[in-house]
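Both blocks below hold the same protein chain, though in two forms, and each is given as structure tokens: structure 1 and structure 2.
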Structure 1
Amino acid sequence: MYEEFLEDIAQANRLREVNTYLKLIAGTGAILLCLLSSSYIPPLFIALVLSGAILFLAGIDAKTYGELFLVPFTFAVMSVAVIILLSGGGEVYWSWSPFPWLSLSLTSDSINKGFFVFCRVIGGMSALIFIALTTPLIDLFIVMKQCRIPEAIVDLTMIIYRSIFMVMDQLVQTYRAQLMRLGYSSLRESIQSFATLCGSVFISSWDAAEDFIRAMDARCYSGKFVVFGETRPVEAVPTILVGAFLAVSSLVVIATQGVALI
């Protein structure tokens, strides 16, 4: 439950060696194009291409990829249902006014709008998951330094990154011990166990952090981390692929302007 992060998958994916900027441009470019499009087709096109890239180029297991979509899907379905019921316009198929200030209706325009938002979420999520699965955060730190983001933020980011794993070890051990002792057998029990778990983890992390600063002081830490590392070279084939993907997607965005479902 607690052990698996996208980070572990990202460390081992087959696109790891591709230049970080290229992957970021592909991902953020796709997000922007999804937002700028006015039809449901471009987001679906982007989702299709990026899913292909994730499954076949990066070699991510299809089951893992599918599971990542579950949570956003439930949220999207709920929220899109609200959008469809609230907005109106076009041909009215069904309508109901339970209160004077509220009118729920199912119209052609509202279905178009809801479906469009739903597709945009799928497109955006696939672009986000593409970045998450192909780019380990370590590579992002180098990018952050090169982009001259204030040092205080970069340092804090790296320490938070480090402490996530520090806290995680403690958490998994304690959680397993509680689980073996039936600590989560009822709701009341679960709340009590969960609070004890978090409390003990907070305290042990605090201790670990104090040890951490002492160890760093002993190594002449002056308030600044030095990040070594260089971004990988920009190679021809990935550059052409990313360029082609963004160009074709932009063309799709332009060509499908205003195309609606119904």
Structure 2
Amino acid sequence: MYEEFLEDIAQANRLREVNTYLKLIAGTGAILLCLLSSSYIPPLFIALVLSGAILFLAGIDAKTYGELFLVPFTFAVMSVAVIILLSGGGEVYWSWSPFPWLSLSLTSDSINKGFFVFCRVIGGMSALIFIALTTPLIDLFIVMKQCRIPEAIVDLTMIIYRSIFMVMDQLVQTYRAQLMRLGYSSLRESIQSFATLCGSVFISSWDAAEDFIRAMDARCYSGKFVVFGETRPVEAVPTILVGAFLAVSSLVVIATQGVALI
């Protein structure tokens, strides 16, 4: 998905005009509740609610959402598999010792712990993806300025953010040129093309960065970027929805303390 960046999706979603602080409160509050929960139910509840908000309120394509979730989901599955097989404790359902120094087992405590960690990852990633898909980074820069974060940090973040697009632009152009010349027609050609791609993108990105520096000097850059944007008003309906979501999630966290899968 070279052509479609998260920033493009965030700029076009239906929640674009909602106050940035409300979206950040909803996302960060959900992450904190996932961390405070002692049961697998609250993270699952948060993941379902935020996934519904992303798909139906923000109007994000389900395929795009699924592609974003694929990497953290795979990481969570592998991590949980290790936790379940190695942690032990409680009633033993299955065990195997392939080596004297390695013992694998399925126990009630390990399954509960692994599933709890998995649900936490899913709930936290839902909150992060919600913020990423509904809030353009320029709005976050405005919030950082208003929260009086040191200007050096904000400016450095903006430069890094712009550099990502410069690198991606060079990557896309070089990759398309290689495809047109059948650079990936075989395994050997693919390896050579990939090596050439890495070197070409590095050199092109370096040249683009130098052009960026010269452009800033030509515009009398004095070490401070100006952030243009507007602070959207806090509307009643989004505020009520965010408050209700966090209140219900908090009640779920309190009501399900200590609830385990097995």
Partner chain sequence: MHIMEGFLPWQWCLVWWIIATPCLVFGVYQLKKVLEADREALPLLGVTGGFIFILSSLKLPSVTGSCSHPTGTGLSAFCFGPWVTSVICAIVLLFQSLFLAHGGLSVLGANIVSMGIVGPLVGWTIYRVLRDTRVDMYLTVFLAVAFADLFTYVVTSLELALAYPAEVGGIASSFILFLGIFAVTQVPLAIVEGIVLTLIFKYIVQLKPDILSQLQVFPKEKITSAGSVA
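In this text, the rigid core denotes the largest set of C-alpha atoms whose superposition between the two forms falls within 1.5 Å. Each residue is numbered by where it sits in the sequence of structure 1, with counting from 1. Given the structure is predicted, the values throughout are model-derived calculations rather than measurements.
Between the two renderings of this chain, the form predicted together with its partner chain is found in structure 1; structure 2 comes from elsewhere. Residue displacement note: Thr28 has its CA displaced by under 2 Å between structures 1 and 2 (rigid core superposed). Comparing the forms between structures 1 and 2 on their rigid core, the Cα displacement of Asp169 reaches 2 Å or more. Leu102: CA moves 2 Å or more between structures 1 and 2 after rigid-core fitting. For Ile203, the displacement of the CA atom between structures 1 and 2, after superposition on the rigid core, amounts to 3.7 Å.
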